[in-house]
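Here we start with a single chain on its own, the form predicted alone, put down as structure tokens.
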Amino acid sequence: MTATAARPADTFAAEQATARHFLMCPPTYFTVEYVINPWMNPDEPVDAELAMAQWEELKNTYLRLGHTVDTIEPQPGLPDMVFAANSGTVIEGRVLGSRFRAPERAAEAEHFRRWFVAHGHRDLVMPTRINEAEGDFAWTGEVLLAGTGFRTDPAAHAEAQEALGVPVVSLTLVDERYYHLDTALFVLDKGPNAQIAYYPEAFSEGSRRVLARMFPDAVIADAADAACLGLNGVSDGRHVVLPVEATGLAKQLEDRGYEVIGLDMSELRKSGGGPKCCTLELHS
């Protein structure tokens, strides 16, 4: 991708919203009973009723915006199954399943594989390398941005390129708080002129240079936005769903013409999750 000269922020206008297709899993069994990232503390109580209410509000927000939301049946003993973004990567009819690093989550992959097959996704490959799907993969419409450093194996990036038939750009994460790519970066607009928002300090020096070259007009989040998982957002090209605490990021996005919808995700954040973690996009 060729870099272009950056433009002043006030010359931007958000694109029109496009209908999206999402897969979600209710947090029926959500709790924090083990530690696989710095956000998790089993000694901090989880309000299961509040977690469900926050998830329902996220789902209903998507429906109000005109998007399609499918759901998968949650399974007992898999409290993190609510984070459906880790279940697979779906691009133009091809599906690459997931393979989790933490044994506590390993069984999720098969439940989601069965869902994909049952819902007509026949062009499906299950990975041989650790691959936590849209947790570490972000599709811009042109390239697949692929994170590594804490969860997904670097070799999974080449596997994704072969399985999905799209170019892959590897990015290295260096701050354990931002253990997945989707905690430090998300796509605002897809297509040839794709736009992203990201937190530079979550990335290695080389990855920062790559992102600056590819996306000179990106929205740059600060430490406060990142600390509330504000980069764990979902955009349809016009509307952007963010954790309500990400006020600085919201202001930047509004200045560029986006309509920001802030939601309370505080309970699900106890496991290191936010809107995007709960949302797998089935990219057409």
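Small disclaimer: the values here were computed from a predicted structure and weren't measured. Don't overthink the numbering: it's just position in the shown sequence, from 1.
Same protein, other form: the form predicted in complex with ligand ARG, not shown, and the subject of what follows.
J.: Thinking of ligand ARG in the predicted complex, which stretch from 77-85, 112-120, 205-213, 185-193 has heavy atoms inside 4.5 Å of it?
T.: Of the options, only 77-85 has residues within 4.5 Å of the partner.
J.: Although ligand ARG is absent from this view, report whether Gly135 comes within 4.5 Å of it in the predicted complex, heavy atoms only.
T.: Yes - in the predicted complex, heavy atoms of Gly135 and ligand ARG come within 4.5 Å of each other.
J.: Is Met40 part of the interface with ligand ARG in the predicted complex - any heavy atom within 4.5 Å?
T.: Contact with ligand ARG, yes.
J.: Check whether Tyr198 has any heavy atom within 4.5 Å of a heavy atom of ligand ARG in the predicted complex, and answer yes or no.
T.: Outside the cut-off, so no.
J.: Heavy atoms within 4.5 Å of ligand ARG in the predicted complex: does Arg99 have any?
T.: Flag for Arg99 set to no.
J.: Are Ile36, Tyr179 and Ser271 jointly within 4.5 Å of ligand ARG in the predicted complex, each by at least one heavy atom?
T.: All three within 4.5 Å in the predicted complex.
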